[in-house]
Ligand SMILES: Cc1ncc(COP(=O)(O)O)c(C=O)c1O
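Only one chain is shown below, in C-alpha coordinates, and it's the form predicted on its own.
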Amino acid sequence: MSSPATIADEDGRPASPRLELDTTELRKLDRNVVWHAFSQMSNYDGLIIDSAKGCWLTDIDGNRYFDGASSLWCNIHGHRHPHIDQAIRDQLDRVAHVTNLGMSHPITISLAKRLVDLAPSSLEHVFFSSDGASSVEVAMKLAFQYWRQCSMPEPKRTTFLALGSAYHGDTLGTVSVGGVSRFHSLFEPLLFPVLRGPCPDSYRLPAGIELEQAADFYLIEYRRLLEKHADEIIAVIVEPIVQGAAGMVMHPQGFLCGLASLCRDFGCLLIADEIAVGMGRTGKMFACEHESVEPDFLCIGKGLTGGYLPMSATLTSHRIWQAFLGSHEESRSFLHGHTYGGNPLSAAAALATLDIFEMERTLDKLPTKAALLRNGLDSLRSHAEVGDVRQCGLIAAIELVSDKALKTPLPWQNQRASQVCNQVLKKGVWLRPIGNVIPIIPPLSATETELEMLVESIEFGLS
(Lines give C-alpha, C1' and ligand atoms only; values in the text may rest on other atoms or scores of the structure.)
Protein backbone atom coordinates (compact mmCIF):
# COMPACT_ATOMS: atom_id res chain seq x y z
CA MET A 1 0.00 0.00 0.00
CA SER A 2 1.27 3.51 -0.84
CA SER A 3 2.40 5.78 1.93
CA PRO A 4 0.12 8.67 2.98
CA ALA A 5 0.63 11.93 1.12
CA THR A 6 1.27 13.86 4.32
CA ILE A 7 5.07 13.82 4.33
CA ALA A 8 6.93 16.54 6.19
CA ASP A 9 8.27 19.47 4.22
CA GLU A 10 11.87 20.69 4.48
CA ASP A 11 10.95 22.92 7.44
CA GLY A 12 9.65 19.92 9.35
CA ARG A 13 6.00 20.90 9.06
CA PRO A 14 3.46 18.30 7.89
CA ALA A 15 2.81 18.77 4.19
CA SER A 16 -0.84 19.07 3.17
CA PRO A 17 -2.19 17.70 6.49
CA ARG A 18 -5.78 18.00 5.23
CA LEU A 19 -5.15 15.32 2.58
CA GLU A 20 -6.09 11.84 3.63
CA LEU A 21 -5.67 10.23 0.22
CA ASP A 22 -2.66 8.04 -0.31
CA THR A 23 -0.32 8.67 -3.24
CA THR A 24 -1.83 5.89 -5.37
CA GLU A 25 -5.31 7.33 -5.08
CA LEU A 26 -4.07 10.86 -5.70
CA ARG A 27 -2.44 9.78 -8.95
CA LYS A 28 -5.53 7.87 -10.03
CA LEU A 29 -7.78 10.87 -9.38
CA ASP A 30 -5.34 13.22 -11.06
CA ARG A 31 -5.41 11.11 -14.24
CA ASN A 32 -9.14 10.44 -14.30
CA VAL A 33 -10.92 13.36 -12.63
CA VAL A 34 -8.68 16.42 -13.09
CA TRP A 35 -8.64 17.58 -16.73
CA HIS A 36 -5.19 19.06 -17.34
CA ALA A 37 -4.54 21.87 -19.81
CA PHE A 38 -2.82 21.09 -23.12
CA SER A 39 -2.54 17.43 -22.10
CA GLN A 40 -3.57 14.11 -23.63
CA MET A 41 -5.41 12.53 -20.71
CA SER A 42 -5.30 8.99 -22.13
CA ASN A 43 -1.64 8.71 -21.10
CA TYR A 44 -1.25 11.57 -18.64
CA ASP A 45 1.41 11.07 -15.96
CA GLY A 46 2.34 14.44 -14.48
CA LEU A 47 3.99 15.44 -11.24
CA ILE A 48 1.88 16.13 -8.16
CA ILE A 49 3.58 18.91 -6.23
CA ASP A 50 3.03 18.95 -2.50
CA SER A 51 5.11 21.98 -1.51
CA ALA A 52 7.71 24.44 -2.74
CA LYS A 53 10.31 26.84 -1.46
CA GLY A 54 12.59 29.19 -3.34
CA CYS A 55 13.17 27.81 -6.83
CA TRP A 56 12.41 24.22 -5.79
CA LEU A 57 9.29 22.07 -6.00
CA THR A 58 8.70 18.99 -3.84
CA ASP A 59 6.35 16.24 -5.01
CA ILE A 60 4.18 13.91 -2.93
CA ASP A 61 7.00 11.36 -2.79
CA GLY A 62 9.47 13.91 -1.42
CA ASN A 63 11.42 14.35 -4.67
CA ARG A 64 12.72 17.88 -5.28
CA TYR A 65 12.83 19.63 -8.67
CA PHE A 66 14.30 22.95 -9.75
CA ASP A 67 11.45 24.98 -11.24
CA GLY A 68 13.04 25.66 -14.62
CA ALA A 69 9.76 26.89 -16.11
CA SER A 70 8.86 29.23 -13.22
CA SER A 71 5.57 27.33 -12.84
CA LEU A 72 4.56 28.32 -16.39
CA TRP A 73 6.57 31.55 -16.56
CA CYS A 74 4.99 33.31 -13.58
CA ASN A 75 6.95 32.54 -10.41
CA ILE A 76 9.59 35.27 -10.55
CA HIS A 77 10.79 35.69 -6.96
CA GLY A 78 10.61 32.04 -5.91
CA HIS A 79 8.00 30.10 -3.99
CA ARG A 80 7.05 31.02 -0.44
CA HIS A 81 8.88 34.31 -0.48
CA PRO A 82 8.40 35.65 3.08
CA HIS A 83 7.47 39.17 1.94
CA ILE A 84 4.68 37.99 -0.34
CA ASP A 85 3.52 35.38 2.18
CA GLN A 86 3.23 38.03 4.88
CA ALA A 87 1.45 40.50 2.62
CA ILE A 88 -1.24 37.91 1.87
CA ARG A 89 -1.59 37.01 5.56
CA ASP A 90 -1.94 40.68 6.49
CA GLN A 91 -4.59 41.21 3.84
CA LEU A 92 -6.54 38.19 5.10
CA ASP A 93 -6.93 40.02 8.40
CA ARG A 94 -8.77 42.78 6.52
CA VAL A 95 -10.83 41.23 3.72
CA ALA A 96 -10.24 38.51 1.13
CA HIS A 97 -12.48 39.77 -1.66
CA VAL A 98 -14.25 42.97 -2.60
CA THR A 99 -15.99 43.35 -5.94
CA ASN A 100 -14.86 46.23 -8.12
CA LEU A 101 -18.39 46.73 -9.44
CA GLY A 102 -19.31 49.88 -7.54
CA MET A 103 -16.68 49.53 -4.80
CA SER A 104 -12.98 49.02 -4.30
CA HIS A 105 -10.29 48.47 -1.68
CA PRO A 106 -7.30 50.64 -0.67
CA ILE A 107 -4.74 48.00 -1.64
CA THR A 108 -6.21 47.59 -5.13
CA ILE A 109 -6.18 51.35 -5.61
CA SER A 110 -2.56 51.47 -4.39
CA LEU A 111 -1.59 48.76 -6.88
CA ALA A 112 -3.19 50.67 -9.76
CA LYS A 113 -1.16 53.76 -8.86
CA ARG A 114 2.04 51.74 -8.53
CA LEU A 115 1.56 50.18 -11.97
CA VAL A 116 0.85 53.55 -13.57
CA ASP A 117 4.01 54.96 -11.97
CA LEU A 118 6.09 52.08 -13.37
CA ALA A 119 4.61 51.86 -16.85
CA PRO A 120 5.36 54.12 -19.84
CA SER A 121 4.18 57.63 -18.97
CA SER A 122 1.24 57.72 -21.38
CA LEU A 123 -0.50 54.82 -19.60
CA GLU A 124 -2.62 56.34 -16.84
CA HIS A 125 -5.54 53.97 -16.25
CA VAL A 126 -5.81 50.33 -15.15
CA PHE A 127 -8.50 47.70 -15.70
CA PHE A 128 -8.02 44.55 -13.59
CA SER A 129 -8.87 41.00 -14.72
CA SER A 130 -8.05 37.50 -13.50
CA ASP A 131 -5.80 36.03 -16.22
CA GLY A 132 -3.68 36.97 -19.19
CA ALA A 133 -6.14 36.07 -21.91
CA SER A 134 -8.80 38.20 -20.23
CA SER A 135 -6.39 41.14 -20.04
CA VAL A 136 -5.81 40.93 -23.80
CA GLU A 137 -9.52 40.46 -24.49
CA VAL A 138 -10.18 43.62 -22.47
CA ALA A 139 -7.69 45.55 -24.59
CA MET A 140 -9.28 44.27 -27.78
CA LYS A 141 -12.81 45.19 -26.67
CA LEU A 142 -11.71 48.60 -25.39
CA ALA A 143 -10.00 49.30 -28.69
CA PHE A 144 -13.08 48.24 -30.67
CA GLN A 145 -15.40 50.38 -28.56
CA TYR A 146 -13.02 53.34 -28.66
CA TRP A 147 -13.39 53.76 -32.41
CA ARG A 148 -17.20 53.87 -32.04
CA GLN A 149 -17.35 56.61 -29.43
CA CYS A 150 -14.19 58.70 -29.79
CA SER A 151 -14.58 62.36 -30.80
CA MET A 152 -14.48 61.40 -34.49
CA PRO A 153 -15.92 57.85 -34.68
CA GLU A 154 -14.62 55.41 -37.29
CA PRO A 155 -17.06 52.47 -37.21
CA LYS A 156 -15.47 50.87 -40.29
CA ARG A 157 -12.55 49.77 -38.11
CA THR A 158 -13.51 46.16 -37.47
CA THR A 159 -10.25 44.24 -38.00
CA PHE A 160 -7.17 43.48 -35.93
CA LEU A 161 -3.70 43.11 -37.43
CA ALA A 162 -1.77 40.31 -35.73
CA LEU A 163 1.62 38.69 -36.14
CA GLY A 164 2.31 35.29 -37.62
CA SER A 165 2.57 32.51 -35.00
CA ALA A 166 1.13 34.83 -32.35
CA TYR A 167 -0.37 33.53 -29.12
CA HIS A 168 -2.54 35.77 -26.96
CA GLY A 169 -4.66 33.34 -24.93
CA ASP A 170 -7.45 30.79 -25.21
CA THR A 171 -10.66 32.82 -25.19
CA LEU A 172 -12.40 32.95 -28.56
CA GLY A 173 -11.34 36.55 -29.05
CA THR A 174 -7.69 35.94 -28.24
CA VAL A 175 -7.66 32.71 -30.22
CA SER A 176 -8.92 34.69 -33.22
CA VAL A 177 -5.85 36.94 -33.13
CA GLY A 178 -3.62 33.97 -32.33
CA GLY A 179 -1.68 32.28 -35.07
CA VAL A 180 -0.50 28.93 -33.71
CA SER A 181 -2.47 26.60 -35.95
CA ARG A 182 -1.99 23.52 -33.80
CA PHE A 183 -3.79 25.25 -30.93
CA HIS A 184 -6.37 27.15 -32.93
CA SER A 185 -7.31 25.45 -36.22
CA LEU A 186 -10.04 23.28 -34.68
CA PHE A 187 -11.95 26.36 -33.55
CA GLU A 188 -11.70 28.23 -36.86
CA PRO A 189 -15.48 28.16 -37.55
CA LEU A 190 -16.03 30.11 -34.31
CA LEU A 191 -13.36 32.76 -34.88
CA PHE A 192 -13.53 36.21 -36.45
CA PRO A 193 -11.17 37.01 -39.36
CA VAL A 194 -7.99 39.02 -38.79
CA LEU A 195 -5.23 40.43 -40.94
CA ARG A 196 -1.94 38.66 -40.32
CA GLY A 197 1.58 39.70 -41.11
CA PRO A 198 4.72 37.55 -41.07
CA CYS A 199 6.31 36.25 -37.88
CA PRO A 200 9.38 38.46 -37.33
CA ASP A 201 11.68 35.52 -36.62
CA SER A 202 15.40 36.16 -36.09
CA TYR A 203 16.30 32.48 -36.59
CA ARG A 204 14.37 31.41 -39.68
CA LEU A 205 14.99 34.43 -41.88
CA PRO A 206 13.52 34.89 -45.38
CA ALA A 207 15.74 33.78 -48.23
CA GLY A 208 18.48 36.28 -48.95
CA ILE A 209 17.89 38.32 -45.80
CA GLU A 210 20.62 38.73 -43.19
CA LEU A 211 19.82 39.41 -39.53
CA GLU A 212 20.89 43.06 -39.86
CA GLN A 213 18.27 43.51 -42.60
CA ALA A 214 15.50 41.53 -40.92
CA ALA A 215 13.69 44.31 -39.03
CA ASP A 216 13.46 46.46 -42.15
CA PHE A 217 12.29 43.49 -44.25
CA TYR A 218 9.46 42.62 -41.87
CA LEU A 219 8.47 46.27 -41.39
CA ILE A 220 8.11 46.71 -45.15
CA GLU A 221 5.63 43.83 -45.12
CA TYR A 222 3.64 45.44 -42.30
CA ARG A 223 3.72 48.80 -44.04
CA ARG A 224 2.17 47.19 -47.11
CA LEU A 225 -0.64 45.74 -45.03
CA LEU A 226 -1.27 49.06 -43.33
CA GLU A 227 -1.19 51.00 -46.58
CA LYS A 228 -3.94 48.74 -47.89
CA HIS A 229 -6.04 48.25 -44.77
CA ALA A 230 -5.30 51.06 -42.29
CA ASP A 231 -8.86 52.43 -42.36
CA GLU A 232 -10.21 49.00 -41.35
CA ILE A 233 -7.73 48.25 -38.55
CA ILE A 234 -8.78 48.63 -34.92
CA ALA A 235 -5.34 47.88 -33.54
CA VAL A 236 -2.12 46.04 -34.14
CA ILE A 237 -1.45 43.44 -31.44
CA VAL A 238 2.06 42.25 -30.63
CA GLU A 239 3.99 40.22 -28.08
CA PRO A 240 6.93 42.61 -27.67
CA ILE A 241 10.47 41.31 -28.31
CA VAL A 242 9.67 37.59 -27.72
CA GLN A 243 6.75 35.46 -28.95
CA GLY A 244 6.34 32.87 -26.22
CA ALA A 245 4.09 30.02 -27.37
CA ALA A 246 5.49 30.36 -30.90
CA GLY A 247 8.60 28.76 -29.43
CA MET A 248 10.34 31.74 -27.81
CA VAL A 249 10.76 33.45 -31.19
CA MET A 250 13.02 36.49 -30.80
CA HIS A 251 12.25 39.58 -32.88
CA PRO A 252 15.08 41.37 -34.69
CA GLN A 253 16.23 44.53 -32.93
CA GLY A 254 14.28 47.56 -34.08
CA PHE A 255 11.15 45.69 -35.18
CA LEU A 256 9.04 46.72 -32.18
CA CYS A 257 9.83 50.43 -32.35
CA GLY A 258 9.37 50.32 -36.12
CA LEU A 259 5.95 48.70 -35.73
CA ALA A 260 4.95 51.34 -33.16
CA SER A 261 6.03 54.04 -35.59
CA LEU A 262 3.89 52.50 -38.33
CA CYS A 263 0.88 52.50 -35.99
CA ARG A 264 1.36 56.22 -35.38
CA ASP A 265 1.82 56.94 -39.08
CA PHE A 266 -1.36 55.09 -40.06
CA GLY A 267 -3.47 56.08 -37.04
CA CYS A 268 -3.88 52.58 -35.61
CA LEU A 269 -3.85 51.63 -31.95
CA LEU A 270 -1.10 49.37 -30.56
CA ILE A 271 -1.77 46.58 -28.05
CA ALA A 272 1.32 45.20 -26.31
CA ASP A 273 0.68 41.75 -24.85
CA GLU A 274 3.31 41.48 -22.12
CA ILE A 275 1.68 38.64 -20.19
CA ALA A 276 4.75 36.45 -20.65
CA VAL A 277 7.50 39.03 -21.23
CA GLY A 278 6.62 41.68 -18.66
CA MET A 279 7.53 41.91 -14.98
CA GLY A 280 11.30 41.89 -15.46
CA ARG A 281 11.54 38.71 -17.48
CA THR A 282 13.48 40.28 -20.38
CA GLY A 283 15.77 42.32 -18.13
CA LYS A 284 13.52 45.38 -17.94
CA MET A 285 10.26 45.70 -16.06
CA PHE A 286 8.37 45.87 -19.35
CA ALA A 287 9.69 44.55 -22.65
CA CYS A 288 8.49 47.70 -24.45
CA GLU A 289 11.20 49.61 -22.59
CA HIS A 290 13.91 47.92 -24.67
CA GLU A 291 12.88 50.06 -27.66
CA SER A 292 11.23 52.99 -25.82
CA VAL A 293 7.75 52.08 -27.07
CA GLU A 294 4.60 53.49 -25.46
CA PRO A 295 1.65 51.36 -26.58
CA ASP A 296 -2.01 52.36 -26.33
CA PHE A 297 -2.65 49.24 -24.26
CA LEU A 298 -0.23 47.27 -22.09
CA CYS A 299 -1.41 43.83 -20.91
CA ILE A 300 0.36 42.24 -17.95
CA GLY A 301 -0.24 39.09 -15.91
CA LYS A 302 1.64 35.91 -14.94
CA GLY A 303 4.45 37.41 -12.85
CA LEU A 304 2.29 40.31 -11.65
CA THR A 305 1.55 38.53 -8.35
CA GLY A 306 4.86 36.67 -8.30
CA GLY A 307 3.09 33.50 -9.39
CA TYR A 308 0.93 33.41 -6.27
CA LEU A 309 -2.62 34.34 -7.24
CA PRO A 310 -4.60 34.98 -10.44
CA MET A 311 -4.49 38.61 -11.54
CA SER A 312 -3.90 40.55 -14.72
CA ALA A 313 -4.15 44.18 -15.72
CA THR A 314 -4.78 46.20 -18.87
CA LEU A 315 -3.17 49.63 -18.79
CA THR A 316 -4.27 52.31 -21.22
CA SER A 317 -3.96 56.00 -22.00
CA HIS A 318 -6.06 59.01 -21.06
CA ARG A 319 -7.04 59.31 -24.72
CA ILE A 320 -8.78 55.92 -24.54
CA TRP A 321 -10.25 56.62 -21.10
CA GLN A 322 -11.89 59.87 -22.22
CA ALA A 323 -13.83 58.15 -24.99
CA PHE A 324 -15.71 56.16 -22.34
CA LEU A 325 -16.83 59.17 -20.28
CA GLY A 326 -20.35 60.57 -20.56
CA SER A 327 -23.84 60.56 -19.13
CA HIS A 328 -25.73 57.41 -18.21
CA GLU A 329 -28.05 57.98 -21.16
CA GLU A 330 -25.14 57.99 -23.61
CA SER A 331 -24.23 54.40 -22.58
CA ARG A 332 -20.51 54.91 -23.13
CA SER A 333 -19.40 52.69 -20.21
CA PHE A 334 -17.25 49.61 -20.73
CA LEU A 335 -19.75 46.84 -20.09
CA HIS A 336 -17.27 44.13 -19.23
CA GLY A 337 -16.02 42.79 -15.93
CA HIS A 338 -14.68 39.88 -13.93
CA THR A 339 -15.95 38.69 -10.55
CA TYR A 340 -12.46 38.66 -9.06
CA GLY A 341 -11.08 41.66 -10.94
CA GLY A 342 -8.96 43.74 -8.56
CA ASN A 343 -9.16 41.11 -5.82
CA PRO A 344 -7.46 42.48 -2.65
CA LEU A 345 -5.51 39.29 -1.89
CA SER A 346 -4.10 39.28 -5.41
CA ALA A 347 -3.40 43.00 -5.19
CA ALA A 348 -1.52 42.47 -1.92
CA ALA A 349 0.62 39.79 -3.57
CA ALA A 350 1.25 42.06 -6.56
CA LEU A 351 2.31 45.02 -4.42
CA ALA A 352 4.66 42.76 -2.45
CA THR A 353 6.05 41.42 -5.73
CA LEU A 354 6.84 44.98 -6.85
CA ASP A 355 8.40 45.69 -3.43
CA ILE A 356 10.81 42.79 -3.90
CA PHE A 357 12.05 44.19 -7.21
CA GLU A 358 13.19 47.23 -5.25
CA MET A 359 14.31 45.55 -2.01
CA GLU A 360 16.38 42.86 -3.75
CA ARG A 361 17.49 44.98 -6.73
CA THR A 362 16.22 42.20 -8.97
CA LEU A 363 16.69 44.01 -12.27
CA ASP A 364 20.19 45.20 -11.33
CA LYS A 365 21.28 41.60 -10.76
CA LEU A 366 19.78 40.18 -13.94
CA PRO A 367 22.55 41.08 -16.42
CA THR A 368 25.09 38.94 -14.55
CA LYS A 369 22.67 36.01 -14.31
CA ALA A 370 21.64 36.35 -17.95
CA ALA A 371 25.30 36.36 -19.06
CA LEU A 372 26.03 33.25 -17.01
CA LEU A 373 23.04 31.45 -18.50
CA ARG A 374 24.01 32.57 -22.02
CA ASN A 375 27.58 31.34 -21.65
CA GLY A 376 26.39 27.98 -20.38
CA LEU A 377 23.78 27.47 -23.08
CA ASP A 378 26.17 28.55 -25.84
CA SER A 379 28.25 25.49 -25.05
CA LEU A 380 25.31 23.34 -26.18
CA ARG A 381 25.24 24.75 -29.73
CA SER A 382 27.58 22.04 -30.98
CA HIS A 383 25.09 19.29 -30.20
CA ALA A 384 23.90 17.60 -33.38
CA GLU A 385 20.21 18.36 -32.77
CA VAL A 386 20.54 21.89 -31.41
CA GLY A 387 19.57 24.21 -34.23
CA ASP A 388 19.36 27.40 -32.22
CA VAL A 389 19.94 28.77 -28.75
CA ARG A 390 18.22 32.10 -28.17
CA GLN A 391 17.84 34.34 -25.15
CA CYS A 392 16.55 37.67 -23.88
CA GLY A 393 17.12 38.35 -20.19
CA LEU A 394 16.07 35.22 -18.32
CA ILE A 395 13.97 33.93 -21.21
CA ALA A 396 15.93 31.35 -23.19
CA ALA A 397 15.13 28.48 -25.51
CA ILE A 398 16.81 25.61 -27.32
CA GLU A 399 15.30 24.56 -30.63
CA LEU A 400 15.91 21.00 -31.79
CA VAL A 401 16.08 20.35 -35.54
CA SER A 402 16.65 17.41 -37.87
CA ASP A 403 19.08 19.36 -40.09
CA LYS A 404 21.12 22.22 -38.62
CA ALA A 405 22.23 23.65 -41.95
CA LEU A 406 18.71 23.74 -43.39
CA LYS A 407 17.08 24.51 -40.00
CA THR A 408 14.59 21.75 -40.75
CA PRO A 409 12.06 21.48 -37.90
CA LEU A 410 11.56 18.16 -36.23
CA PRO A 411 7.93 17.03 -36.58
CA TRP A 412 6.10 18.04 -33.41
CA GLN A 413 4.65 14.51 -33.25
CA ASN A 414 8.03 12.93 -32.50
CA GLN A 415 8.17 14.65 -29.10
CA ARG A 416 11.95 14.83 -29.04
CA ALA A 417 11.93 17.88 -26.75
CA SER A 418 9.63 16.01 -24.36
CA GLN A 419 12.13 13.15 -24.28
CA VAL A 420 14.91 15.58 -23.39
CA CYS A 421 12.79 17.15 -20.64
CA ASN A 422 12.04 13.72 -19.21
CA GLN A 423 15.78 13.04 -19.04
CA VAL A 424 16.38 16.44 -17.42
CA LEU A 425 13.75 15.55 -14.81
CA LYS A 426 16.00 12.70 -13.69
CA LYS A 427 18.53 15.36 -12.72
CA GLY A 428 15.95 17.17 -10.63
CA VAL A 429 14.98 19.94 -13.09
CA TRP A 430 11.47 20.55 -14.39
CA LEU A 431 11.08 22.03 -17.89
CA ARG A 432 8.04 22.06 -20.18
CA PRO A 433 8.60 21.90 -23.97
CA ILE A 434 6.69 23.63 -26.76
CA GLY A 435 6.78 21.29 -29.74
CA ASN A 436 10.51 20.74 -30.27
CA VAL A 437 11.55 23.91 -28.49
CA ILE A 438 12.72 23.72 -24.89
CA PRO A 439 11.92 26.99 -23.09
CA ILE A 440 14.28 27.79 -20.22
CA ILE A 441 12.60 30.27 -17.91
CA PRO A 442 13.97 30.05 -14.36
CA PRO A 443 12.75 32.33 -11.58
CA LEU A 444 14.52 35.71 -11.57
CA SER A 445 15.65 34.82 -8.05
CA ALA A 446 17.65 31.77 -9.22
CA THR A 447 21.23 31.81 -7.95
CA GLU A 448 24.27 31.51 -10.17
CA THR A 449 24.87 28.02 -8.75
CA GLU A 450 21.32 27.00 -9.61
CA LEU A 451 21.69 28.35 -13.15
CA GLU A 452 24.91 26.38 -13.62
CA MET A 453 23.13 23.26 -12.39
CA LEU A 454 20.27 23.97 -14.80
CA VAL A 455 22.62 24.10 -17.80
CA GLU A 456 24.43 20.92 -16.72
CA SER A 457 21.10 19.12 -16.43
CA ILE A 458 20.07 20.16 -19.93
CA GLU A 459 23.41 18.97 -21.26
CA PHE A 460 22.70 15.61 -19.65
CA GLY A 461 19.23 15.53 -21.16
CA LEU A 462 20.58 16.12 -24.65
CA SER A 463 23.25 13.42 -24.40
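If you're wondering where the values come from, they're calculated on a predicted model, not measured in any experiment. Quick note: we count residues from 1 along the sequence shown, nothing fancier.
Another form exists, predicted together with the ligand; not displayed. Remarks below refer to it.
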Please check if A287 has a heavy atom lying within 4.5 Å of any heavy atom of the ligand in the predicted complex. no
Tell me, yes or no, whether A276 is in contact with the ligand in the predicted complex, where a contact means a heavy atom of each within 4.5 Å. yes
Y167, heavy atom within 4.5 angstroms of the ligand in the predicted complex: yes
Determine whether any heavy atom of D131 comes within 4.5 Å of a heavy atom of the ligand in the predicted complex, and answer yes or no. yes
Among the candidates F297, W73, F160, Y146, the residue which, in the predicted complex, approaches the ligand to within 4.5 Å (heavy atoms): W73
If we take heavy atoms and a 4.5 Å cut-off, which stretch out of 382-390, 168-176, 258-266, 182-190 is in contact with the ligand in the predicted complex? 168-176
Of 308-338, which residues get within 4.5 Å of the ligand in the predicted complex if you count heavy atoms? none
